[in-house]
Ligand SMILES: NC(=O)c1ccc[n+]([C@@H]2O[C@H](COP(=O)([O-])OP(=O)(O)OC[C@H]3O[C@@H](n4cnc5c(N)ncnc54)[C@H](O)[C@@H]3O)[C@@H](O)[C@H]2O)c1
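Read the single chain below, which is given as structure tokens and is the form predicted on its own.
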Amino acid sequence: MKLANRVVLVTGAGSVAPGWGIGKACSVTYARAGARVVAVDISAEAARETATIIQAEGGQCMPLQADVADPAAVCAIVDEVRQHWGSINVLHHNVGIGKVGGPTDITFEDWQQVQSVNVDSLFHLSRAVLPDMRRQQHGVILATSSVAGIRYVGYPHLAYSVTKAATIHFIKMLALEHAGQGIRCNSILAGLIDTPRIAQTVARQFADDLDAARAARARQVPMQKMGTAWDIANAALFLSSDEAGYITGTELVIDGGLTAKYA
């Protein structure tokens, strides 16, 4: 029970379709490690589904609906958690949207929306939880970023890639600022992960042929397979636990060797 009695807030804690998204798998994994999980999602139904799974296994989960790009909504959920369970010990920022295309393909409104959801939300959440973490001289902030933040992944995904690069540096800056206060901050750089979102986004690059999309992505990876949400969840559990007590300000790449190869 690595996280016994700790309060872990996960954003993007549901799945967009049946199956295991990263936030859903992470939430369940945290609960299995003894954490009291706050499952936040823009979809109330998705948050409740994650909570139902956790509660059916005997765990504790508070499902909350919120748009974490809205600073008022972020303050409201953090206040609600404080009232029920006290301060938040672990924040796992796990939200991300994208819009395929470059500057001539997407609108400025598209660009702003991706920035707001992917980066501004991390600012709002960090601002809300850091005062408690500083007072207790202990805390973890973890962000799900992407290898798209450090390299081209095969198709134009400018807004998403730039915001994931920003997430990496944001977390690094937080880590250095708060390293002396017992607060650790790290990023997970997810590679090509097989989640329900594949059908809604990546498959469009393959004429909506999901099998073709999965096969093409698997061929890109040296291990010849995509990762799963559980691969990310297991790493997130480690980074959130005291076993990773000397790890801060860095990035853990989970990509089956993708970024290590030349082309």
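Throughout, we count residues from 1 along the sequence that is shown. Just so it is clear, the structure is predicted and the values come from calculations on it, not from any experiment.
Below: the form predicted together with the named molecule, not depicted.
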| Do Ile22 and the named molecule come within 4.5 Å of each other in the predicted complex, heavy atoms counted? | yes
| request: Report whether the minimum heavy atom distance between Ser15 and the named molecule in the predicted complex is within 4.5 Å. | output: yes
| said: So in the predicted complex, is the named molecule close enough to Ile97 to count as touching (4.5 Å, heavy atoms)? | reply: yes
| Contact label in the predicted complex: Ala190 to the named molecule, heavy atom within 4.5 Å | yes
| said: Between Ala213, Ile42, Ala233, Met62, only one gets a heavy atom within 4.5 angstroms of the named molecule in the predicted complex; which residue is that? | reply: Ile42
| query | So in the predicted complex, are Tyr160, Thr195 and Arg217 all sitting within 4.5 Å of the named molecule, heavy atoms only? | reply | yes
| Residue stretch of 101-109, 144-152, 170-178, 79-87 approaching the named molecule in the predicted complex, non-hydrogen atom distance within 4.5 Å | 144-152
